[in-house]
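Next up: a single chain in structure tokens, the form predicted on its own.
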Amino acid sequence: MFKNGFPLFRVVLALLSPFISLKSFAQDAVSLAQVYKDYFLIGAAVTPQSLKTDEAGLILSQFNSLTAENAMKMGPIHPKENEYQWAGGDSIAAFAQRHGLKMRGHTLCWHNQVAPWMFKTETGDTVTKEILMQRLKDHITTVVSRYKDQVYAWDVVNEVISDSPGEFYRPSIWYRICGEEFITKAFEWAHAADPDALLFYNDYNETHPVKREKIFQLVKTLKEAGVPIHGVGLQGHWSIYEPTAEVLEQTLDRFSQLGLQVQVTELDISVYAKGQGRREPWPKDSLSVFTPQMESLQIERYKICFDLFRKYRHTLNSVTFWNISDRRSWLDNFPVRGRKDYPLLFDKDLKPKKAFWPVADFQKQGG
């Protein structure tokens, strides 16, 4: 033993791994990955940079699945027609393999974060359907083939359902040029490139009744048509005010009826009411304060979510948090410029927040 009773084996282990800090060992008496090993995978969205900081120690102690937050999206990985930027995705995949972690691929086809060249000819005109479909096929085949045997599941198509009640498909540039055929083909091409990979359709606002039903009908139609789709990804970008237990249970029950896998792919619980679109701060906005009321509501919401996740473990087999800790979240500055959010279970110092304990210690609490 060292001074203050710090165990020698922790010092040795920390020295053996450049990724694991003494701080990580000292603070993480409970591991989400270990607690949920008989329920579902516990994942986190990461960046190549986060794997080089003390957050890596938190990842290894708490999570058993990784998703590349941005490094495998079409724009970052394929910025030019004949150029692929593999470094970011490769580094995350290598970290996952080195430490025995599962890895989800995100995402093969999305209307955001796509380089402009994808939709243009050399003269700047809009490409034909035939050209765009070929480009999509080439992209999917190249990316999925590279990460074959490393990525066990892909978000193949992301967010093609419209948020407008009277509209089914989002009128994205993919849809305007190709119609709905690109959705089916994307799954077929991904399956051809890696027949063993699990293929998911992924979307947000999945708890809203109208959009929930549209997502359900899309996936059901694909399944009945024999398209190689294995599951639906519910993003889980929620808030301390929603969804209620009733609405979330209705959502999980509805998607379980598909007979496919269900995964929560991008979980965070914002401490602010949900807003649509970027905006400047309003006078009532708090730009940096995590209040006791926010904390209390977040504890309650996380408990509701994980109580139901465990109930539906026969269908739900993975829960991925979108980012690692409150140190950095995609919700910082979005949708309100300059506003800090606190949506995760670990604070800026990588310590468990109060919301962590109902999630991690449910067995002690009779959950």
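We number the residues from 1 along the sequence you see. Bear in mind the structure is a predicted one, so any value in this text is a computation, not a measurement.
We do not show the form predicted in complex with a small molecule, though everything after this point is about it.
Among residues of the shown chain, residue 113 is one whose heavy atoms approach the small molecule to within 4.5 Å in the predicted complex. Put simply, residue 40 is far from the small molecule in the predicted complex: not one heavy atom of it is within 4.5 Å. In the predicted complex, none of the heavy atoms of residue 104 sits within 4.5 Å of a heavy atom of the small molecule. In the predicted complex, the small molecule sits within 4.5 Å of a heavy atom of residue 202. Note on contacts: among 342, 63, 322, 306, the single residue with a heavy atom within 4.5 Å of the small molecule in the predicted complex is 322. Of the stretches 141 to 149, 90 to 98, 179 to 187, 104 to 112, only 104 to 112 has residues with a heavy atom within 4.5 Å of the small molecule in the predicted complex.
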